[in-house]
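The data below hold one chain only, encoded as structure tokens and taken in the form predicted on its own.
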Amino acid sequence: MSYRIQVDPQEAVKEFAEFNRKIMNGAELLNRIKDQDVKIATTPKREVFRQDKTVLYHYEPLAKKTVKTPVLVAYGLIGRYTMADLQEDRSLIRNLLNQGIDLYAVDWGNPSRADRWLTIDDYVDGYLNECVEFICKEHGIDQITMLGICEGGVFTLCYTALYPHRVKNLITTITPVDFHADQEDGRTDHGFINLWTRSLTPEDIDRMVEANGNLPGELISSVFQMMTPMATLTKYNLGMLDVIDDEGKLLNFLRMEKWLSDRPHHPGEAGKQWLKELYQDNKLVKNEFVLGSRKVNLKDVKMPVLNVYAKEDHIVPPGCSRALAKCVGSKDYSEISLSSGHVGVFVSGKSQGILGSGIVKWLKDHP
């Protein structure tokens, strides 16, 4: 049996002309847009504290304060905190400021080979603790609210367990807790990084770090790209074509690319802990993870907790994050689930509306 496809020549010529027009307009746009036009993290802020390469920023208020306790945002080492402030109309940072939240953010800077021996202990017991102490002293208070994102969520979770007297409320977003719960939902398209990491031997990880002095940002980027190979292969010849003649959408596409290309190196020893002790040995959920000679016992997290996870997150599968509910000692535990992926939590317009308002409502109930 054969099939014949009828093609209207006039319609085909019309579509070809429209496609050609789109390409030409897109080429003109790309030629006109310069690097300085692709701006990210534009919300006004000022540096208030610095230690080594770590910088603490305080954001300028955009509305009358509605929650008295300041909030510290901490991203991880495998990405930039700027994801939370990628574009003006889809910025968690700006969203919270517009609703009266007093906001700080920590920037870990650009670790180099000279930082090869820095550990998670240094970041949690050292830099993060110094930032919290500064905020408390600046405001004349004893406690703050912490908002951790991804690996930064693990940092804030560890800090809260070790320094509960300094944390009034804890918010974790897209944060792995049980690193072996990646197949809990039966999704074959989730948890590739968990599987890849568990396939390595401890010696593989040691050799990888010793060869580079750290975990190169380029390596981390390639691992993430391999988890979604079709999206990686087609984003420049299909995804980009959808937005190439729309300046606003094209700038948003380029902002994301700018963030992705600015992935910092991960300090070597901290990388070993992250991959071996957490991804492979799953010590956090077992209360066996040791920082500064002290075990991180999640049952010591007794203050109010809000956990945000994404249902379509292939990097931190929902089960890995939802495990927090049964681990903490808090009797005031809440969740927000979003129908998006890992990055979509921060760049999806729908998720932004739910996330920002949900966090602020929870903060007002826990001022």
Partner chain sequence: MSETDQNGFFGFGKFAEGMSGGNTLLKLWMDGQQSAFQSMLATAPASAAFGGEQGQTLQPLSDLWKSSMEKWLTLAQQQAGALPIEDTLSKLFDPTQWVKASQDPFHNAIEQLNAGPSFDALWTLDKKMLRAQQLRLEHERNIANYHAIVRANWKKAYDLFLDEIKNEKAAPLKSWRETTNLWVKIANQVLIDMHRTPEFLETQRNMTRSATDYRLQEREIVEAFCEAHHIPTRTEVDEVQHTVHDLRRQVRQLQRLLNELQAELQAKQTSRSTSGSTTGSAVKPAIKKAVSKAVVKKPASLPTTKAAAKPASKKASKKTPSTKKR
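Numbering follows the first chain given and starts at 1. Computed from a prediction, not measured in an experiment: that's the story for all the values here.
The same protein has a further form, the form predicted in complex with its partner chain, not shown here; the description that follows concerns it.
One residue of N98, N129, N297, N252 in contact with its partner chain, assessed in the model of the complex (non-hydrogen atom, 4.5 angstroms): None of the others qualify; the residue that does is N129.
Option touching its partner chain, based on a heavy atom within 4.5 Å in the model of the complex, out of V38, L62, A325, V55: Contact residue from the list: V38.
Contact test in the model of the complex: E335 vs its partner chain, heavy atoms, 4.5 Å: No, E335 sits far enough from its partner chain in the model of the complex that none of its heavy atoms falls within 4.5 Å.
is_contact(K302, its partner chain) in the model of the complex, heavy atom dist at most 4.5 Å: Taking the distances in the model of the complex, the answer for K302 is yes, it comes within 4.5 Å of its partner chain.
Proximity of P229 to its partner chain in the model of the complex, heavy atoms at 4.5 Å: Yes, P229 sits close enough to its partner chain in the model of the complex that at least one of its heavy atoms falls within 4.5 Å.
Contact test in the model of the complex: V71 vs its partner chain, heavy atoms, 4.5 Å: Residue-level check for V71: no, no contact with its partner chain.
Options 147-155, 101-109, 87-95, 193-201; stretch whose heavy atom lies within 4.5 Å of its partner chain in the model of the complex: Within 4.5 Å of the partner lies stretch 193-201.
Candidate spot N287, A310 and G349, all three touching its partner chain in the model of the complex (heavy atom, 4.5 Å): None of them does, since no heavy atom lies within 4.5 Å of the partner.
Interface residues of 242-276 toward its partner chain, as seen in the model of the complex [heavy atoms, 4.5 Å]: Heavy-atom contacts to its partner chain in the model of the complex: D242, L254, S261.
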